[in-house]
Structures are given as structure tokens and as C-alpha cells.
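Starting off, we have a lone chain in the form predicted on its own, written out as C-alpha cells.
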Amino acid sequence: MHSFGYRANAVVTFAVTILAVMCSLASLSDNFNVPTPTADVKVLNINWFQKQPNGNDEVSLTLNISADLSSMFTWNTKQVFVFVAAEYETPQNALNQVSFWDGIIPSKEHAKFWIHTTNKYRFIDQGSNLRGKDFNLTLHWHVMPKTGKMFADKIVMTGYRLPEEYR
């Protein structure tokens, strides 16, 4: 006859195995979801565009951010981290990214949103590279599941340009 410890060990091992299989199936089921998010970011106003005393360019923008990320949510989604970034090139760097705004979408009910805001984080370039610069606004997201691996993607919106002169 087996002891109580041996039987408890067998039950716990079986339960952990079943839990691992269920988590794996949950993670694999996310591969069947094909999200179709939509987003639009508009620059409404350039509040100021100035050269700092140390020589760096700084810009303040007013933005309208609207997005529908509800297709990202499945029964395995815990939350979605989303942020808007400006992306541009300079002679020193092939890709510069500056985050303007970020947020955490906790549920599908909050996944469709419209925000009127100024950039939450400062848009500063190390140098005088922003005058007349073309840039893209990119909505990035990171889906954080309850179990399984995170995945990320983005929507790039092109056609933005900063003015030639400071104001």
C-alpha cells in the first residue's frame, strides 16, 4: 500500500501536468485570432517649436488619437499596452523614436477610444535636426496575455512635417 505522501505527490503532479497542458492550449488558441485594429492620429496644432539653450530642438504638439483595438482582445488577453511615437531619420541615426503618449487598455470595453491631448512626453531631438523634418506617427501595441507569449505590432501613419522655422 502506498503512503499518504506518495499519493499526495501523485495528485499534485497530475494537477500541475493538467494545468500546464491547459495553459499551452490557451496560448496556442491565440494564434487563431487575426486582429484588425484601426487607428488614426492627427496633429491639430504645433504649440511651440523652439531651440533650447543647450542647442536641442523641442516641439510641443496637440494630437487627436482615435483607435479601435477591440479585435485584439480574446478570452486570454489580460491587457494591451499602447503608445504613439514619432519616428524620423537624422544624419546620426537611421531611426529615432520619441514617445508622445502611452496608455494601458485593461479590457475590451476600453479598447475603442478617442483622446485629445498634447504630447505627454517631451519631443526633443539632440541637435538641430527637426526643422523641416518629415516624420511618421506610429501607434504601437503590446498584447499581454494571461498565459503565453506577448506579441507586438504597429500602425504607421505617414505624411507629417515640422515647420522650417522656430516659433
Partner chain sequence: MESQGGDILFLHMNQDPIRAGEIVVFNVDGKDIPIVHRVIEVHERQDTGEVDVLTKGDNNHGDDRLLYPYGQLWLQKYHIMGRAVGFLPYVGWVTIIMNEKPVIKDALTFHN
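Keep in mind that this is a model prediction, so the values were computed, not measured. Rigid core here is just the name for the largest C-alpha set that superposes within 1.5 Å across the two forms. Numbering follows the first chain given and starts at 1.
The form predicted together with the partner chain is left out here; the points below concern that form.
J.: Would 28, 46 and 135 all count as contacting the partner chain in the predicted complex, using a 4.5 Å heavy atom cut-off?
T.: No, because 28, 46 and 135 lack any heavy atom that approaches the partner chain to within 4.5 Å in the predicted complex.
J.: Sort through 65 to 73, 110 to 118, 135 to 143, 36 to 44 and report the only stretch with a non-hydrogen atom within 4.5 Å of the partner chain in the predicted complex.
T.: Within 4.5 Å of the partner lies stretch 135 to 143.
J.: So in the predicted complex, does any heavy atom of residue 96 sit within 4.5 Å of the partner chain?
T.: Yes.
J.: Applying a 4.5 Å heavy atom distance criterion, does residue 156 contact the partner chain in the predicted complex?
T.: Although the partner chain is absent here, residue 156 would stay clear of it in the predicted complex, with no heavy atoms inside 4.5 Å.
J.: Give a yes or no for residue 6: in the predicted complex, does one of its heavy atoms lie within 4.5 Å of a heavy atom belonging to the partner chain?
T.: Within the cut-off, so yes.
J.: If we define contact as a non-hydrogen atom of the residue within 4.5 angstroms of the partner, is residue 126 a contact of the partner chain in the predicted complex?
T.: Heavy-atom contact with the partner chain at 4.5 Å: present for residue 126.
J.: Do you see a C-alpha shift of 2 Å or more at residue 161 between the shown form and the other one, with the core held fixed?
T.: Residue 161: C-alpha displaced by less than 2 Å between the shown form and the other one.
J.: After the core is overlaid between the shown form and the other one, has the C-alpha of residue 14 moved by 2 angstroms or more?
T.: Yes, because once the rigid core is superposed, the C-alpha of residue 14 moves 2 Å or more between the shown form and the other one.
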